Ligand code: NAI
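Below, in structure tokens: the form predicted alone, a single chain.
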Amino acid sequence: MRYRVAWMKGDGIGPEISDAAIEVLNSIQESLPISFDIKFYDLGDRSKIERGSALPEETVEGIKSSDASIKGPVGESAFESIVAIRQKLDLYANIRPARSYEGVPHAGKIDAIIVRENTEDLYKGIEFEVQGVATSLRIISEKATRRIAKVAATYAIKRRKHVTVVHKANVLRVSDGLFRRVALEELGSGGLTVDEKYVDAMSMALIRNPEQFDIILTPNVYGDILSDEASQIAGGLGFAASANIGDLSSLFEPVHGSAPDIAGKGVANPYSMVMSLSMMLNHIGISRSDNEAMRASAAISSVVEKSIKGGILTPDAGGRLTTKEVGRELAKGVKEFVQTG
């Protein structure tokens, strides 16, 4: 099969880690009967400067017409670009795995997935200021809550069948009250173990005992914060991938920012981008019933785990390799993995 992929390299270290991931994708094409037609589109700070828009309409249409899309990190224009994409294309499910790897120092052993509602909450961006008073409107709907709870259930069924619903309904009794009520209703049947935590207690529990969590279901803003915390517990944002999934489109990306302070130095950690690529291939495999895409995703995941354990790392993670060298080693490892079965 041949798939159309929209690729936005982004800002800062985005082009460097994108190139490393593309090298891995090329090794997949050389090793398996699957191919990709990659088209590059503008997005982020540089696009805003050069084209007058952080999210050109051409990019939106490119994502819509592709089988899947993937992007590098963007800088200060995140709200105008990635947040806008999520809302324009109704990419309502933000999936952020947090997993600790042998070979990377971590604050605790963790293997969890944060399932975050991705289109509502304060990130609707409905805010205004009148006479020195700023007001932000928080939107939480039954429709959005119910559909993200269904996504959480889908992931939980394939794993440990445990979902933790995170909210602050004791204070935000209307908005979080709705999220809590609808989520618990939706998760109440299906053989799942469901518990709940206030978001402040959850942030503490993640540090104290991260192993206890499996699927964490949250509204948009809480999920943004907790996913960074969970990623740091696992070893850092350089290993944190994510997916934005809707009914018609999908977009995969690293969790971290554009790191302009190290851009161009060749030391950026590409694992988050490569893991995002693996998530993209897995999604293609599931949505298109393509075993080769699933096989490609599994190959990348296996090689990533082995490579991290073997010390194939950039300086930020205790290694000595450059971004290009890590990408080259991963591409080589994927090809060998596929050839040896």
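Keep in mind that what you see is a predicted model, and the values were worked out from it rather than measured. Residue numbers run from 1 along the displayed sequence.
If you look for the form predicted in complex with the named molecule, you will not find it shown, but the lines that follow are about it.
Participant: Please identify, from 172-180, 208-216, 259-267, 135-143, the stretch that has a heavy atom within 4.5 Å of the named molecule in the predicted complex.
Facilitator: Among the candidates, contact is made by 259-267.
Participant: Report the residue, out of P97, G235, G75, G103, that has at least one non-hydrogen atom within 4.5 angstroms of the named molecule in the predicted complex.
Facilitator: When the named molecule is considered in the predicted complex, the option within 4.5 Å is G75.
Participant: To verify the annotation, which of these, V255, L187, L91, A243, has a non-hydrogen atom within 4.5 Å of the named molecule in the predicted complex?
Facilitator: After the contact test, the surviving option is V255.
Participant: Report yes if all three of D42, S69 and H283 come within 4.5 Å of the named molecule in the predicted complex by some heavy atom, otherwise no.
Facilitator: No, none of D42, S69 and H283 comes within 4.5 Å of the named molecule in the predicted complex.
Participant: At 4.5 Å between heavy atoms, is S27 in contact with the named molecule in the predicted complex?
Facilitator: Contact check for S27: no, nothing within 4.5 Å of the named molecule in the predicted complex.
Participant: Hey, in the predicted complex, does I82 get a heavy atom within 4.5 angstroms of the named molecule?
Facilitator: Answer yes; at least one heavy atom of I82 falls within 4.5 Å of the named molecule in the predicted complex.
Participant: Can you tell me if A20 lies within 4.5 angstroms of the named molecule in the predicted complex, counting non-hydrogen atoms only?
Facilitator: No, A20 sits far enough from the named molecule in the predicted complex that none of its heavy atoms falls within 4.5 Å.
Participant: Is D316 one of the residues lying within 4.5 Å of the named molecule in the predicted complex, judged by heavy atom distances?
Facilitator: Contact check for D316: yes, within 4.5 Å of the named molecule in the predicted complex.
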